[in-house]
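Same protein, same chain, two forms; see structure 1 and structure 2 below, as structure tokens.
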Structure 1
């Protein structure tokens, strides 16, 4: 008997069992094997997912089956996810047609587990950000340098299935579970169209950059890509939630000398200082329109404004508070479909500019990697957006925090 066989015979069987498990764990996580075919490719993967069965009711942790990716699809292992107000809005389902059961979630970061037919720009092991909107690369919007509103993969809140075959990749005992925004990241594994994934620097910490999938990039891009304030300029930010503070972060990065935060909640003012906000205005403290207050503060109006509430009155104020001749106002917040924006035509004729933006004018696949690099190069500060961390099993606590208006972003670890 060889010395190897003698050693094996002298050790308990559980040693080899533990060694095998640890070795398998290493192989699945090691970059040495990430370019090989995943061991689960082509198979249905059972995993945990937080399923919303009814509007406004706590999510239920279920064991779901996740089907393999089809043509132009990718299956990823979600490592970290976050809760965005859009998830909360459609979970409450107060003003839209409910679609349940459903797996919510769209701010996240993960690792590619397998790819479907036709996917050539992503491979097993790639680190990615799933995004609620996409970039097919072929439509007129994708080919335009001015637009990021892909015709094929533009946000669709009412679709609960995949584009390729009109079916869900999630099921419980054969019953389909609806997708959300083509992402559904409140699941340990999820399937997306390949055009809705941005490939990342593998050194980027996934538990930080996951917040760039939606709100933070939206606010940041609204300032950097659309408002484009010059160094030393003045910027007014309407709404100091996560998106508004991201817009303020963009103003800080741009070198704005005055960043004026406008919000009805005075408790947000102290926190906003961390994001470069220099002055604060609460409209409730005045008996006249806040745009007049801001104009008086800034000798005729601010150079740029960014509106992040979706409130029509705030939108009007954001437009009317910019300086004539060169002022630019950018609308980020989403109002109700019936809302009407009204202002005097002279405000436009006097060379004020009104713009809208979608996802900060970022093309997901093309532009998000560079936003991640801004963080890696310490130009963009992400850590201050992250106020809470919880394990996946406590995901309902994240909803409670958001309903109460506590914190900015809650990171949910899928493996805790």
Structure 2
């Protein structure tokens, strides 16, 4: 693969505009829509995408070709995307199977550009949120009230192709580029299975609700749907990034009276005050396990805990800090492949419960529109999660911020 054609994300904007004038004129305007058909339907769309060629190396702005959607697939124009720790984790690929070149991105909002054969519930122009775990509507999980782990479309971090034909819809000069989580939103256009798109109230501002497509719904649902704290209870939140603070928001909405935030990064504590976190613990400040510190603070343990770090020690602490008899711990962080959860079985016998969740147990197509309505009805604030905004060409800055632990969500605008 020649490096000559690669454009560093850091190149000046002027460079891009010259490049685009030569290559893809129609991208300067949205595709024309007539009779529910866009002018680009059925065509390959050349567009900008931020490609990860190697683990941990800056993404490179490339001109990729995006093939039309096949049966049960939808092609969307991504309007806004943001970075979640799960992107960073698989991009670093330190403890996960590396799969490159790849287009990352799964937290986003966009507009349907065209639909493939058999798609009846979405049409051109619909506003949508992509979700990394889908809902086919037909399988035992989709039919069960208790699960959102769709048999067909559940999260698969190692697949880099579309389900229908085992091929990628992205290519550069004929070389296929891997998808990520079935979403790959770090591209102006992307193709998804229709079951991985939640249709939205068109009035919802896409530059805000895009954070509901992963992190905020995940944290909120982990508390509201899985931990289910009672009014007046105590809740410990491990990891005060956007996911953890959304879990704290869920605890506040549930009427928890004590919300204890635990993080290794003391800069997180100031921000967390805006989310109703009442007490802070930095495990680095103590020479004994943090679960013991929390047990002392709470007369034997918290009623609920939600782990949002991905760190195995934090997961164990989150379980061991809940009260015996009734405590429930919920794991949300994505662990490294080799991580093993170790605790004494007596901790479980003593009537503590350990749970885990993807996407806060929300069924993406069925439940996400109502989470969007919580925002529209002002029951849920999203602005406080959005600490940075950058143009697509600066996408590597979003990675820098997350690596440094600065800010919560950084909204990347595809059109700036």
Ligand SMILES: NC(=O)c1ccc[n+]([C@@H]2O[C@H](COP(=O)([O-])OP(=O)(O)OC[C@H]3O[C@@H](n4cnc5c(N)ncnc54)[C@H](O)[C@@H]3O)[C@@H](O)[C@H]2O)c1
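Note that this is a predicted model, so its numbers are computed, not measured. We call the rigid core whatever largest set of C-alpha positions still superposes within 1.5 Å between the two forms. Residue numbers count along the first chain shown, from 1.
Q: I need to confirm something. Of structure 1 and structure 2, which is the form predicted in complex with the ligand?
A: Pick structure 2 here.
Q: On a core-based superposition, does residue 123 travel 2 Å or more at its Cα between structure 1 and structure 2?
A: For residue 123, whose C-alpha is compared between structure 1 and structure 2 after core superposition, the shift is less than 2 Å.
Q: Taking the rigid core as the reference frame, is the Cα of residue 143 displaced by 2 Å or more between structure 1 and structure 2?
A: No.
Q: Once both forms sit on the same rigid core, is the C-alpha displacement of residue 58 at or above 2 Å between structure 1 and structure 2?
A: Comparing the forms between structure 1 and structure 2, which are aligned on their rigid core, residue 58 does not shift its C-alpha by 2 Å or more.
Q: When the rigid core is overlaid, by how much has the CA of residue 345 moved between structure 1 and structure 2, in Å to one decimal?
A: Value for residue 345 between structure 1 and structure 2: 5.2 Å of C-alpha shift.
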